[in-house]
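Starting off, we have a lone chain in the form predicted on its own, written out as structure tokens.
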Amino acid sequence: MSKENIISNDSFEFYKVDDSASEVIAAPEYSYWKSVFKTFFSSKIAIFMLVIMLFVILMSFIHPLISKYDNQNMAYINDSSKWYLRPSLEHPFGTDDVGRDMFDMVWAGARTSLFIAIVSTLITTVIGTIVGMFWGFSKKIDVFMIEVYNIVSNVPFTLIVMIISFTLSSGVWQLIFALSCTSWIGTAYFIRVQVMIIRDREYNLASKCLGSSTSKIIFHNIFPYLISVLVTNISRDVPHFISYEVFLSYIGVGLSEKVASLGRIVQTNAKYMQSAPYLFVIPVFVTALISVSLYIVGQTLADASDPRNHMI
């Protein structure tokens, strides 16, 4: 027998069988929040509007600190040469009828409007979500709350806000209370409907049979499915409250004349639409920019929060 036909044991390698290999999933690893951000940042429009939104928010809260703009003690400028100056490098938004820099006023007003809208949205969302989840899960609470909702929803929201504002007088916190006093019930009803859709699914019934408490089922089994719904609601409420603040300030309700807000600036300069249109157009444009950017970013984030839109 030739040497070529002789095969030694060193030419072979024994194959080791790994029983755990059959349990390995071939699909790529899935991360919810990683998929959320991947889906969100795949939209170029959303990225562009996110940059605008962040710029506006940062300018609204940082610039008034740098400019040291004081809502209460902003003195009029007696030098008539500084009145009605059109936008320039020195005054990007021009000056008003008493020489005040509109650039400082607009960002101070945007800070007030954003603060009112964000705080009102947080109050409305937190209260509405908690009440709505228990409302949709408990049939006993549903009997009582549906009557409350029918009464409140039949009264115009603007009328309620105006009455509360007149009763409590003018002020930022008074306006926040007026805006969020009854608006939470609309959010609660919206959440109630979403909870009723998923409350009787098999895993919830199984949890209940195994002795899980109502609060545990609500916050562990139901709440995670409401994230995209809540983001959608928030993206709608913030521009909604900004619009209400602008409207109420425009008609002279909610905030005093000493407090700078976008609505108050628009209301004050509405009479200059023909003689000095920049005094009216610029604050209106900033208001629209804030509302549109918040809405688009919020809606895109809401879509990205839905696991059905995630691509592995």
Partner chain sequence: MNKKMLNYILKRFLLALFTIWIVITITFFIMHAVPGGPFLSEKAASPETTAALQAKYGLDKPILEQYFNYLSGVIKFDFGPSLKYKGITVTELIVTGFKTSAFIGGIAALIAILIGVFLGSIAAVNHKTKLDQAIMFFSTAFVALPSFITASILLLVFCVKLQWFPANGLTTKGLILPIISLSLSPMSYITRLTRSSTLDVMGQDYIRTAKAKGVNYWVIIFKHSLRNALTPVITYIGPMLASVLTGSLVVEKIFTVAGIGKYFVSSIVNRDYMMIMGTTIFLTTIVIIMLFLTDIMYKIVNPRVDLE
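Residue numbers count along the first chain shown, from 1. Rigid core (definition): largest C-alpha set, two forms, superposition within 1.5 Å. Please read these numbers as outputs of a predicted model, since none were measured by experiment.
Omitted here: the form predicted together with the partner chain. The next part is about that form.
Candidate site formed by Val51, Leu54 and Ser261: none of these residues places a non-hydrogen atom within 4.5 angstroms of the partner chain in the model of the complex. Using a 4.5 angstroms threshold between heavy atoms, Glu147 counts as touching the partner chain in the model of the complex.
Using a 4.5 angstroms limit between non-hydrogen atoms, Met162 touches the partner chain in the model of the complex. At least one heavy atom of Val284 is located within 4.5 Å of the partner chain in the model of the complex.
Though the partner is left out of this view, Ser243 does reach within 4.5 Å of the partner chain in the model of the complex, counting heavy atoms only. Comparing 90-98, 218-226, 104-112, 162-170 against the partner chain in the model of the complex, the single stretch with non-hydrogen atoms within 4.5 angstroms of it is 162-170. Exactly one listed residue, out of Met196, Ala206, Val155, Val126, brings a non-hydrogen atom to within 4.5 Å of the partner chain in the model of the complex: Val155. Although the partner chain is not shown here, in the model of the complex the stretch 104-128 places no heavy atom of any residue within 4.5 Å of it. Remark: with the core as the superposition reference, the CA shift of Ile141 between the shown form and the other one stays below 2 Å.
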